[in-house]
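What follows is one chain in structure tokens, specifically the form predicted alone.
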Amino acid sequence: MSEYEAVIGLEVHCQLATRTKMFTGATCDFGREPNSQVDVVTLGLPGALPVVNGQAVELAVRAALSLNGTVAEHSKFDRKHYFYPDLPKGYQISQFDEPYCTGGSITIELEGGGTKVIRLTRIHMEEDAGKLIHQDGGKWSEVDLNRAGTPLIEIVSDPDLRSAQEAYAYLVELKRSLKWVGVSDCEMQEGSLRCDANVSIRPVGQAKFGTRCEIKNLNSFRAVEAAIEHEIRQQVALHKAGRYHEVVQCTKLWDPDLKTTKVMRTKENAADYRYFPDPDLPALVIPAARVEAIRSAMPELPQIREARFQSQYALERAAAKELTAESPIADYFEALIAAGCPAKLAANWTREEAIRLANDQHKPLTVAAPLPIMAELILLVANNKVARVVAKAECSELFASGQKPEAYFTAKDQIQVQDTAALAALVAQAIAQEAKVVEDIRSGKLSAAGRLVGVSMKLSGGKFNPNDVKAELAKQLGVAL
């Protein structure tokens, strides 16, 4: 790749979190019995007229604002003609030359450090198609129209991405923004977030783009990354072999089992879709005042909250980013601070324990690790009443018990004590037991002191502060630890 540069643009389809479809009142719940969520509009029956879903428009505007886009006051819907069995009308209602949003950007973090701004070309609204279910070895495919008509936005990036890793980072940041403002659940396994990748290469330094291939319907971030890497390697190999003319504009599918792409069809251009304004739908007018009302009702965006966490709570960037991966995590963290927990301890316990418990139990944070219990636990650690190592070891059992932390640790005789004579005797016992470790420490291997601290803590049942144990060890051994 030292001789060639990849040029990548992504088209992301995101289902909007509405109960009903884009142009009809039919429901669009995931996982229902096939063809149970259809009506005369979904089926394209003669005389059935579409009506725009107002909630879908509002969610689309929220998405545009979260991605720094410009919302047009006037846009329109167009018919984009397909001849597939999962669109009974024979066309898809979309937006062609007058989308509701233009511009926008997403800032990603680069692997080598620093950031990069990826520009957006546009975002437009449309309806989803149905789903074909192919029979293994059969002569037919089945059609499920439950998804047909589900509200979508398509987010089209400029060709600013230069590697599969950048594409992955872009999708992570995009998903964070969309989930944060409640636009979509972004569940790729349920089809509510899907990605098409346009990939081409060109010699380094060349301004003109190469011939691009589009890889369709990638349903995981890792699949996007793997498919792009494969396509780049394939195109580079053809160029190096002097067979660059074999790179033709086409649409491909990714086979995750064989880790390869295969041509599905030659790529259509806009003219092939025969767009024209939908005569059944009036122009879409979104007044500027309405856009501002939606903006004012939106939460603090994740990028802004991430920066605030760094400045206000002195958190490192990685910690701040992890805490703002989803709004419930950020809210949980700040609720702990409001309960009096030190910021860094609140951050660590949220990231390491609360999220683990929630993932293990497949429950929300506040259910898996109730805030009052977590706050009391953190304060016990902060006030040196319970050793951190003990609190970590007992965390799962504590939350499963439903007890208050102080009562729980008292019952287990794990509340730390401030008895200097008992501490000195305990450390002396540990030193006597671990003669080899003591010899290592006195010969200069100070890292071995961790072993003695651990032995002392075990002997005490976790009832002494590890820092006090370490200080007593240094005193008795006559070394600086």
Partner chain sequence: MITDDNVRHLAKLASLTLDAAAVSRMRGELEAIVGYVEQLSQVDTTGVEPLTNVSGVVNVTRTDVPGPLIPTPTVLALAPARNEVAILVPKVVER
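Take the two forms, superpose them, and find the largest set of C-alpha atoms that agree within 1.5 Å; that set is the rigid core. Numbering follows the first chain given and starts at 1. Remember, it's a predicted structure, so these values are computed and weren't measured experimentally.
Although it is not shown, the form predicted together with its partner chain is what the next lines describe.
Using a 4.5 angstroms threshold between heavy atoms, M22 counts as touching its partner chain in the predicted bound form. Interface residue remark: G138 is counted as part of the site for its partner chain in the predicted bound form, having a heavy atom within 4.5 Å. In the predicted bound form, no heavy atom of E406 sits within 4.5 Å of its partner chain. Contact check for Q37: a non-hydrogen atom falls within 4.5 Å of its partner chain in the predicted bound form. Per the 4.5 Å heavy atom criterion, its partner chain in the predicted bound form is contacted by stretch 81 to 89, the sole one of 233 to 241, 295 to 303, 313 to 321, 81 to 89.
This chain is displayed alone, yet in the predicted bound form one of R222, K363, K259, R274 has a heavy atom within 4.5 Å of its partner chain; that residue is R274. Only one of the listed residues (L281, V172, L110, V156) places a non-hydrogen atom within 4.5 angstroms of its partner chain in the predicted bound form, and that residue is L281. Not one of P342, K385 and T410 places a heavy atom within 4.5 Å of its partner chain in the predicted bound form. Annotation for D136: C-alpha shift of 2 angstroms or more between the shown form and the other one, rigid core superposed.
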